[in-house]
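Shown here is one chain on its own, the form predicted on its own, set out as structure tokens.
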């Protein structure tokens, strides 16, 4: 292994194995990261209007996602993702430990019967706002209160930097922000992601929930165009974007 993250092998290796090494070795060698994750259709949708999203991308990409969970300390999702998808957020299709599951629930609206709160596949940390009503959870679930911000007419939200600070104090420095689109967009707009994985499926939904919702820009020069690596995973294409140190998207005249 070279210092720049490049790898070398002494014998033959399959293209599939080479792809996995290219994707994961730079992350394995990093003591901390914040990776955003989106699986979307060709037309930039992550789910139907009703929220159905199982599954936008194919089995090769799902295995890639589980491998990513296996090297993360924590996987972060928003309340809407938990309520609509009821994900387990554990490692089932890869070897490795389950990450701590972190649920962002500023309003305290996540149903207590969701899998991340009831199954014993790993520990769960649920972050709620000061105004959220306390609700009982099982022994594997810890609840913390975190300050929120509220914009006019919108639900209260957490500042992404505050979320990462809470996780870092617990030694959770390899963070996967897995969903949904609003949550990943907030971490992207805040400039705290170090990488962004966008897996694109050969699927056209035609309507539905958008992958990204960011502040508007006037010129394309203001849009993000980070250094990108491209990988083929079955019928899907993975875009691996390097974001560390990128400026926030510019807001204009709104």
Ligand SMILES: NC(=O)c1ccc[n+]([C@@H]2O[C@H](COP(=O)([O-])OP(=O)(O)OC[C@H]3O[C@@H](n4cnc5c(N)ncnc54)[C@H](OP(=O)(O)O)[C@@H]3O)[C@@H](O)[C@H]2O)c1
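Positions refer to the first chain, counted from 1. What you see is a predicted model; the values in this text were computed from it and never measured.
The form predicted together with the named molecule is left out here; the points below concern that form.
**Student:** Since the partner isn't included here, can you check whether the named molecule sits close to all of 38, 53 and 80 in the predicted bound form (heavy atom within 4.5 Å for each)?
**Tutor:** Result yes, every residue of the spot touches the named molecule.
**Student:** Taking 4.5 Å between heavy atoms as the contact cutoff, choose which of 46, 27, 192, 70 touches the named molecule in the predicted bound form.
**Tutor:** Result of the distance check: 46.
**Student:** Heavy atom within 4.5 Å of the named molecule in the predicted bound form: which of 131, 115, 182, 94?
**Tutor:** The residue from 131, 115, 182, 94 that makes the contact is 182.
**Student:** Picking from 94-102, 115-123, 80-88, 164-172, which part of the chain touches the named molecule in the predicted bound form when contact means heavy atoms within 4.5 Å?
**Tutor:** That would be stretch 80-88.
**Student:** Do residue 145 and the named molecule come within 4.5 Å of each other in the predicted bound form, heavy atoms counted?
**Tutor:** No, no contact at 4.5 Å.
**Student:** Does at least one non-hydrogen atom of residue 107 fall within 4.5 angstroms of the named molecule in the predicted bound form?
**Tutor:** Contact check for residue 107: yes, within 4.5 Å of the named molecule in the predicted bound form.
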